[in-house]
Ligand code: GAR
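Consider the single chain below, provided in structure tokens and representing the form predicted alone.
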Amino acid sequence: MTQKVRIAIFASGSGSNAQNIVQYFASHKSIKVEVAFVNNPNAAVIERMKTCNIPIFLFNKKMFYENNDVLDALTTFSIDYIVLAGFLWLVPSNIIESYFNRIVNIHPALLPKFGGKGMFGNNVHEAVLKNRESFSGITIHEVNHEYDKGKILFQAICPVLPEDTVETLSHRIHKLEYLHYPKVIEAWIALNY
């Protein structure tokens, strides 16, 4: 790769995964986080990205679903791959088709269990605990037209302990996310580029 592959991160919340990804690729020889697309003007990820000197593209539902503003911005930034990091909206068809097999997401459970609309963050951990699962983990997958249904690229497992709460399980899952997500993104891009 002569010129760097350009990534856009899409985020809706605190941005800890986004920041971890930015830091991982900060001095990478062939991959660069170019911009963060954020759909929540009050999201903590905005401050995290400012600290990392990553530009923010703020957008709303109309820009995402009713016109091509977001797709046009991706083109303007010359984005090659999209990484979802705590992004809660279903990606619309115009972006899926323009970035076919070039959008990746992380889910805080072992798909196909505990996936789908409304299954994000603590909702997932609550469901795992309520179902008395012995294991949970993370799933990194490509994104298609349905929530959490894209091709699975990687899974990592951790135990669910009898004394676990949503907070303790969430903490264990976050550790897996920070450890694996940037490396899987790197390998996935190397394979596809």
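From 1 onward, residues are counted along the sequence shown. Here the structure is a predicted model, which means the values were calculated and not measured.
The form predicted together with the ligand is left out here; the points below concern that form.
None of the heavy atoms of residue 182 is located within 4.5 Å of the ligand in the predicted complex. Although the partner is absent here, residue 92 is not a contact residue: none of its heavy atoms lies within 4.5 angstroms of the ligand in the predicted complex. When contacts are judged by a 4.5 Å heavy atom cut-off, residue 82 does not count as touching the ligand in the predicted complex. The closest non-hydrogen atom of residue 172 lies beyond 4.5 Å of the ligand in the predicted complex. Residues are counted as partner-facing when one of their heavy atoms sits within 4.5 Å of the ligand in the predicted complex; in 106-122 these are 106, 107, 108, 119, 120, 121, in sequence order.
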